[in-house]
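What follows is a single chain, given as structure tokens, in the form predicted alone.
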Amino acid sequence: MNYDFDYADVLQQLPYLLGGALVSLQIAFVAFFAGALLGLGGALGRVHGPRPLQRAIGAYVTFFTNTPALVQVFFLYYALPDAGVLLSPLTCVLIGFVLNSAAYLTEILRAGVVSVRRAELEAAATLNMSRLQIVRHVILPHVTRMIYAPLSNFFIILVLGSSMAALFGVEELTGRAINVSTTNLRTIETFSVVAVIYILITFVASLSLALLGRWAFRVHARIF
């Protein structure tokens, strides 16, 4: 093998690649927090809602957790224009990711909601708390402590999964790496640098989430 490695051109594009990493994080943040909001509603509906609502949420979760996120985004990107609905590639990716993550987070959060002791809910009702107050002051703190680790892991999965947005022309980290490699023809160098960037992102995210869990929720998650 007479291949000569040359990282000069790739390193010149480092600011451009880091800008793509920021887009990847933005996609993950939107998908996680919007999905968590929908997932919390879905979890509460599955546990405390009427039977028809439970079945509807169950069908939603089954569909989105048993089909690939890539297929779901493909549907939004290619099928909706035939129905006269035109969305930008980034919008299609965000909607697809939010709907997909909401399904998974519904199940994760449902496990936390089920773990809330009935005595705590009855005590809150005795104190004449409204449903919103019960959710805010009783259910959410307990659920967060119980499932903080799975939620943190799911966020890391979303960061890495955001790379599929490149297939739809979104210039996140992988999308920009493709642009760079097709320009300088240094595919090995480009994607080895991108791999290091992904490792750094996930390490910093894991460390930040572990420290946040210890500070805000008293969750003693492992940092390393």
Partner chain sequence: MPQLDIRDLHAHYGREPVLQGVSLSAERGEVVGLIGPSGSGKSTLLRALVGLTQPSAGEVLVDDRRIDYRDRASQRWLRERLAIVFQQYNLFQNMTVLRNVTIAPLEIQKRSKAEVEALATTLLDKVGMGHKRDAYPDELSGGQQQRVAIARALALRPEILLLDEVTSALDPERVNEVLDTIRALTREGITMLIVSHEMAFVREVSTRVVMMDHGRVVETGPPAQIFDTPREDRTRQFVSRILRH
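Positions refer to the first chain, counted from 1. All values derive from a computational prediction rather than experimental measurement.
Omitted here: the form predicted in complex with the partner chain. The next part is about that form.
K.L.:
Looking at 71, 79, 123, 87, which is the one with a non-hydrogen atom within 4.5 Å of the partner chain in the predicted complex?
P.N.:
That would be 123.
K.L.:
Check whether residue 83 has any heavy atom within 4.5 Å of a heavy atom of the partner chain in the predicted complex, and answer yes or no.
P.N.:
Close contact is absent here: in the predicted complex, residue 83 is far from the partner chain, nothing within 4.5 Å, heavy atoms only.
K.L.:
Quick check on residue 133: any heavy atom within 4.5 Å of the partner chain in the predicted complex?
P.N.:
Flag for residue 133 set to yes.
K.L.:
Even though the partner isn't displayed, in the predicted complex is residue 138 close enough to the partner chain, meaning a heavy atom within 4.5 Å?
P.N.:
Looking in the predicted complex, residue contacts with the partner chain include residue 138, since a heavy atom lies within 4.5 Å.
K.L.:
Can you check whether residue 147 is within 4.5 Å of the partner chain in the predicted complex, heavy atom basis?
P.N.:
No, no contact at 4.5 Å.
K.L.:
Hey, of 147-155, 91-99, 105-113, 123-131, which bit sits against the partner chain in the predicted complex at 4.5 Å between non-hydrogen atoms?
P.N.:
This holds for exactly one stretch, 123-131.
K.L.:
Listed by sequence position, which residues of 84-120 have a non-hydrogen atom within 4.5 angstroms of the partner chain in the predicted complex?
P.N.:
If the 4.5 Å heavy-atom criterion is applied to the partner chain in the predicted complex, 84-120 yields 117, 118, 119, 120.
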